[in-house]
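Starting off, we have a lone chain in the form predicted on its own, written out as structure tokens.
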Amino acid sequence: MTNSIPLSVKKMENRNNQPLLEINNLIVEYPIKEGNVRAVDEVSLSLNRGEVMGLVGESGCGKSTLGFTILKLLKGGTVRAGEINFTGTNLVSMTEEEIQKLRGPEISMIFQASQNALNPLQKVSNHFIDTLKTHNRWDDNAWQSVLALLNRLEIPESRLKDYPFQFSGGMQQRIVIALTLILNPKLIIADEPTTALDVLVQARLLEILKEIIKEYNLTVIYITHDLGVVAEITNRVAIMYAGQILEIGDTQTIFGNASHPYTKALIDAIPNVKDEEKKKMSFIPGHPPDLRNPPIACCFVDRCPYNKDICHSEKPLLLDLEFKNGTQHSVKCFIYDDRYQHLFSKKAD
């Protein structure tokens, strides 16, 4: 068995400085009996080639909806406004036939429930053969690429004749990851791919993912609620809350200098068994807003210890902050708006 890099998963080079993905003022809603639930609320972000962006937030904040929207896999949801530009093409305006050509070879997704992504009646080998043939990637070198990739993901060649149900959850997820990588997509969306695994299996899979991302210079949106995973595997982070991006920046800055009160509260809530002074686990009081009737102003206002009258009446802008290390960083909070700084006796730091 060869240990070389799979022929169909070669390291990509960033040939230009244009973002691979640009999302502009995206609004996604789900219709319900009472009206519409705005799951994604005027989200804008960009992703460069080779970046790994963590999309972080509590359950129900819209992060998975955003991921599904990129691939037009929404069930029941509708894009009300905005653009999703991938290599200069607006995915929102694409037909189903056009987007199908992008799914897999250009943009691929690693789903949370790996067992649902595999056909229980097909041997593992057939999953790879069918995938490569469907996308016209089957040639004399294709099988060696499959073997090399599976070897890299610690799946023995002897198991290729087995069926998915004969594998553990961790190995099933590795097979799904291999199926995603074998087509060499430009963008990978990973929707909490390790959440259903036990701690030890999760740790090993994250280690392998981290190595593969670096080796193949992959571009990834990693959706998770686990800040520990974000710190381990990403180089940029976008914090979502109530369908909005509240803070976005490089991972080191987010963890070392969190600016938004919500981001700071999330980081403070991370258990730290080494900190003897931190006797009690921190938590964020209150509950996320009801998206059937969202706040007209700041979406975090009811849980924020720094809120002022302006926070209840106006919606803050996503502002660019300047740090000494020159990193790009943006935050949606009146605390950092020059027009309103006189209202705040102290900042969220």
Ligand SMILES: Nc1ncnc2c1ncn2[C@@H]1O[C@H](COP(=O)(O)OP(=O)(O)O)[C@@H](O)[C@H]1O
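Throughout, we count residues from 1 along the sequence that is shown. What you see is a predicted model; the values in this text were computed from it and never measured.
One more form of this protein, predicted in complex with the named molecule, exists but is not displayed; see below.
Residue in contact with the named molecule in the predicted bound form (any heavy atom within 4.5 Å), chosen from C304, V37, I70, L47: V37. For the candidate set V43, C299, L291, M53, a heavy atom within 4.5 Å of the named molecule in the predicted bound form is found for exactly one residue, namely L291. When contacts are judged by a 4.5 Å heavy atom cut-off, G60 counts as touching the named molecule in the predicted bound form. Residues in 224-262 all lack a heavy atom within 4.5 Å of the named molecule in the predicted bound form.
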